[in-house]
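Next up: a single chain in structure tokens, the form predicted on its own.
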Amino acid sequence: MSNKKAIVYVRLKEGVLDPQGMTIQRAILNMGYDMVSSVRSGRFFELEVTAGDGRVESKVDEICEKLLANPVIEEYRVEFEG
């Protein structure tokens, strides 16, 4: 069995209001950086997983759907390293 790192990126779906992103955008504009027209915020998680049975990808998807992301308003993407 080998260890892998699963990096999970979670963000709001397009069309869902992102108040944190809007606040960050205003702060950027107030700092004088007028080239930024939009900001979308998100978060990421790093999971150390044991890749023993070949089903680790589907199990990580289950974790994302059940715990890390709200599938109604968020989308996620998983990248594996190792």
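As the structure is a prediction and not an experimental result, all values here were calculated from the model. Note that residue numbering begins at 1 and tracks the sequence as displayed.
Another form, the form predicted together with a further copy of the same chain, is not on view; read the next lines as being about it.
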query: 4.5 Å heavy atom contact, Lys59 and a further copy of the same chain in the predicted complex; finding: yes
query: is_contact(Lys13, a further copy of the same chain) in the predicted complex, heavy atom dist at most 4.5 Å; finding: no
query: Close approach of Leu67 to a further copy of the same chain in the predicted complex, 4.5 Å, heavy atom; finding: yes
